[in-house]
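So this first bit is one chain, no partners, the form predicted alone, shown in structure tokens.
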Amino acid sequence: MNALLALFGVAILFVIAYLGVDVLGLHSLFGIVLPYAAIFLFLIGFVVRIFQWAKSPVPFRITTTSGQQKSLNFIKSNNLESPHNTTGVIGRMALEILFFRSLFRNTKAEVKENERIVYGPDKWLWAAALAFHWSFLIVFLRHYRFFAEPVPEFILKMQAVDGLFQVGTPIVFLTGLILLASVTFLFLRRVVLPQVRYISLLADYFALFVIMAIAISGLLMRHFYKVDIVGVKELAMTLVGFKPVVPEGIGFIFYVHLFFVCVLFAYFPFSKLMHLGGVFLSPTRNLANTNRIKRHINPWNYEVKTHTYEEYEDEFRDVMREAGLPLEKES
């Protein structure tokens, strides 16, 4: 039901784009107003969420570890699995952000016919997630060619590598196909696996469907529907220069693609997609495990009045003496 509702929502968004552009001719709304509004919401929402996380108190070290902690000198520690200094933290964060190291270790549980639970690796999820994020990043960077003149050399080289296996004209970019295939796999995994489907929310499906719509409309725009690329470049350059002009005859499919990109940008700060920024602020990842090296005291703890044994004995010495209890001091 959640998947169907999300799909219906994305279909409604497509109808809105179709009616707005192809029927009502609101090219300025979909080409200028909505992109600016989406970027504004994205930046403000992103900064607010990061600020909220950054000001959250973390008085104790709650790092997750899977290796020997630094303790005595004759015990070999693992500074990557259980980092005790900044170098180790940077190394672990780099592996986590660039290669999803913790997800690589993810395991799955299955119930066999004899009702025995068997645990095994789940490398397909890691591979799909890695392919999805890296292809999305490369596609995002490739689009920078529309916003710069001249186009930076590294963008041209990236584009050449991406289109290395040329199939016809225009060139087929591998990352576009990988992006669509990987996001489709992530969607099917949520639908096919009962335990994953049980915990999947409407928001999970909606984000996947929006990204699917962006990938599909991008492929359609590049290979099947005529789009004025020069007009797209002109629109992008005028948007960046804050002197927006909507050229004529760009093509309907472009505005559909742009509309779904705007939806993703506006939705981003209010969704689980914010793990893009949250991973850098996760105390289970970005803190060194120095619990044995240094004593960490909660700075927010208020001073507690204590009642020592000496004070207790002074208060009840006579009663304790009459009861025959031993005393450290007789008077």
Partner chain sequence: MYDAGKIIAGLVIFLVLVTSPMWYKAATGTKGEAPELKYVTESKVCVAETEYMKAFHMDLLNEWRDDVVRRDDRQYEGLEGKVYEKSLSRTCMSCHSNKDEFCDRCHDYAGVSVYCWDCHVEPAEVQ
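Bear in mind the structure is a predicted one, so any value in this text is a computation, not a measurement. Positions refer to the first chain, counted from 1.
Separately, the form predicted in complex with its partner chain exists; it is not shown, and the next lines address it.
Under a 4.5 angstroms non-hydrogen atom cutoff, its partner chain in the model of the complex has F147 among its neighbouring residues. Within 4.5 Å of any heavy atom of its partner chain in the model of the complex lies no heavy atom of Y267.
Using a 4.5 angstroms threshold between heavy atoms, V304 stays clear of its partner chain in the model of the complex. The closest non-hydrogen atom of V230 lies within 4.5 Å of its partner chain in the model of the complex. Comment: its partner chain is not present in this chain, but in the model of the complex one of F74, F242, Y119, Y198 has a heavy atom within 4.5 Å of it, namely F242. With the partner omitted from this view, the residue of L137, L98, L156, L80 that lies near its partner chain in the model of the complex is L156 [heavy atom within 4.5 Å]. Judged by heavy atoms within 4.5 Å of its partner chain in the model of the complex, the contact stretch among the candidates 63 to 71, 22 to 30, 288 to 296, 43 to 51 is 43 to 51. Heavy atoms closer than or equal to 4.5 Å to its partner chain in the model of the complex belong, across 257 to 295, to the residues L276, L281, ordered by sequence position.
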